[in-house]
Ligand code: PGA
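So this first bit is one chain, no partners, the form predicted on its own, shown in structure tokens.
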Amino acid sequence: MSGSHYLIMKNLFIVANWKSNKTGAETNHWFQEISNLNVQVSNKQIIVCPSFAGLEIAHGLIKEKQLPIKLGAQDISAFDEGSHTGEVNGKQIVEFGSYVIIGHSERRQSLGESQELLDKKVGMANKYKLSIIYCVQDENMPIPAGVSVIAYEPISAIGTDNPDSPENANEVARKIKQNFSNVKYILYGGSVNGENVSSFTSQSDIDGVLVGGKSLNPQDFAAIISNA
């Protein structure tokens, strides 16, 4: 199989992580704009992860506009439904989304999420059949069983406009796939934009991107989708 044919046929994940951004009105505007842009998404799985507050709104807009977009949550409770004030559990998430991000470096750093806690979250996501996007910062971090999609996000590249080199990111992806037989897909995250996305998605062991800041503007995100 030639390299060019492989690149055409490779299915890519393009994931938007909005983090703690966007009101209901801003969410509505984003989806209106993205639908007007008519982006071609063949061989690409587009996943948008709004805040918990935006999941239901986004779900309704995707259905109304018949957009080829899936939804994910940015986190999941380690607890099931019950007396856990402030937590959002898997049963609540699966009503609107089919993906969940677990282990993002910002939560590991700012909220001190431990490996034990992350293992519990993975268990809850699997219980409710949510597809997990599990974040690691290098090839040496533990990856729980039951995870098939990994996002490699080096700390130095997140929100810094200083991305990892595509070659190094690909080498990390190769090592992760080699060391963890359950992992099928590796995404790269960290200062991804419309200009550099193809340099990552063209790598042999990188299967998509996790996009932060550049996913907030629909034109920027559309450029990433088109150029990937």
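Bear in mind that the values here come from a model prediction, so they are computed numbers and not experimental data. Heads up: residue numbers just count along the shown sequence, starting at 1.
There is also a form predicted together with 2-phosphoglycolic acid (PGA); it is not shown, and the following applies to it.
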Quiz prompt | Candidate stretches 36-44, 63-71, 173-181, 155-163, one within 4.5 Å of 2-phosphoglycolic acid (PGA) in the predicted complex by heavy atom | solution = 155-163
Quiz item: So which of S191, S199, S51, N28 gets a non-hydrogen atom within 4.5 Å of 2-phosphoglycolic acid (PGA) in the predicted complex?
Solution: S191
Quiz item: G213 near 2-phosphoglycolic acid (PGA) in the predicted complex, any heavy atom under 4.5 Å?
Solution: yes
Practice problem: Determine whether any heavy atom of D119 comes within 4.5 Å of a heavy atom of 2-phosphoglycolic acid (PGA) in the predicted complex, and answer yes or no. | Solution: no
Exercise. With heavy atoms only and a cut-off of 4.5 Å, decide whether K22 touches 2-phosphoglycolic acid (PGA) in the predicted complex.
Key: no
Exercise. Would you check, heavy atoms only and a 4.5 Å threshold, whether E113 touches 2-phosphoglycolic acid (PGA) in the predicted complex?
Key: no
